[in-house]
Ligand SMILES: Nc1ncnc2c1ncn2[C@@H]1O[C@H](COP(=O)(O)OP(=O)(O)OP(=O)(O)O)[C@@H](O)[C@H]1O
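So this first bit is one chain, no partners, the form predicted alone, shown in structure tokens.
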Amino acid sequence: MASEDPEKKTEVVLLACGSFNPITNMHLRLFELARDYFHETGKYKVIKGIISPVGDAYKKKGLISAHHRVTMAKLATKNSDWVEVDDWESSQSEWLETLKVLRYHHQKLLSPDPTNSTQNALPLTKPGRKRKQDPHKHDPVKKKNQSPDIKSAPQVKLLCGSDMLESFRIPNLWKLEDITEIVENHGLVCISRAGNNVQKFIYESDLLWRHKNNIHLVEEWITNDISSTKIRRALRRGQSIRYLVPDVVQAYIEKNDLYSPESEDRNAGVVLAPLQKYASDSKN
């Protein structure tokens, strides 16, 4: 069968963006669930998973420094032979849209020299609008008229939970054109619980319905309700988090005394970076 021929399979890179505050066993399970799903189709080969923690400029309440979050993610994945941590996004001084991170990693796969992917990419322009040269801008991925080399490049798909997908409806959190490019040119891999309303959410969105074939829904039959929020709450209350995060992450948290009532108040009252940016854009 042609589908069983490794040469015929589409290569996929799974990219997870988020706070990872801290990284948990659930975050790591998302990658395993998604890889199993793709391999079971017989059409795809997952070659890499990338964890990209958000930068401090995201301004989320309780967000500790990117240095600690990246370090914990690296500790959590040190024994993985396919999931790695990338600190490009977290090292930026300004908050970056998820789409820009997707473009960056796509371009990095086309051009392994990182200086090419960050500095030599042409800025994104729209007819009738002049934009300043932006080192964070990368060309959108084009689906048509691609060279043979680009066609064979691995697809970078955004790995997420159902909460991220459903956040598309929150006013000023996402730009419509960003959502369009993500689902049209890259694709989503959404891990959802059995019985979740993700399919209904897609059905109720004309945009998502139009690109539903590029939104892969992976049902999580062995449910796992671990979240970073609950981990931080347990730590503030002096409760054990063993078996909820990797042992090395727990040891790092304890050694550096990372989560406390004081750290949870960090950025309290500060407007989240995308809400601040898009709300001001809509006023202008």
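This structure is a prediction, so every number in the text was calculated from the model and none was measured. Heads up: residue numbers just count along the shown sequence, starting at 1.
The next section is about a form of this same protein that is not shown, the form predicted in complex with this ligand.
Chemist: Site status for this ligand after superposition of its pose in the predicted bound form: open, or blocked by 3 or more ligand atoms within 2.4 Å of backbone or C-beta atoms?
Modeler: Open: no clash with the backbone or C-beta atoms.
Chemist: Consider L30 of the chain shown here, and say whether it contacts this ligand in the predicted bound form, taking contact as heavy atoms within 4.5 Å.
Modeler: Judged by the heavy-atom cut-off of 4.5 Å, L30 is in contact with this ligand in the predicted bound form.
Chemist: Considering only heavy atoms, tell me if E177 and this ligand come within 4.5 Å of each other in the predicted bound form.
Modeler: E177: no, not in contact with this ligand in the predicted bound form.
Chemist: Find out whether any non-hydrogen atom of S19 is located within 4.5 angstroms of this ligand in the predicted bound form, and reply yes or no.
Modeler: Residue-level check for S19: yes, a contact with this ligand.
Chemist: Is S192 one of the residues lying within 4.5 Å of this ligand in the predicted bound form, judged by heavy atom distances?
Modeler: Residue-level check for S192: yes, a contact with this ligand.
Chemist: Partner absent here, but in the predicted bound form, which of 156 to 164, 200 to 208, 102 to 110, 76 to 84 has residues with a heavy atom within 4.5 Å of this ligand?
Modeler: It is 156 to 164 that comes within 4.5 Å of the partner.
Chemist: Using heavy atoms only and a 4.5 Å cut-off, determine which of L217, M26, A57, I47 is in contact with this ligand in the predicted bound form.
Modeler: The option sitting close enough to the partner is M26.
Chemist: Counting non-hydrogen atoms within 4.5 angstroms of this ligand in the predicted bound form, say which of N256, T229, S240, T41 makes the cut.
Modeler: When this ligand is considered in the predicted bound form, the option within 4.5 Å is T229.
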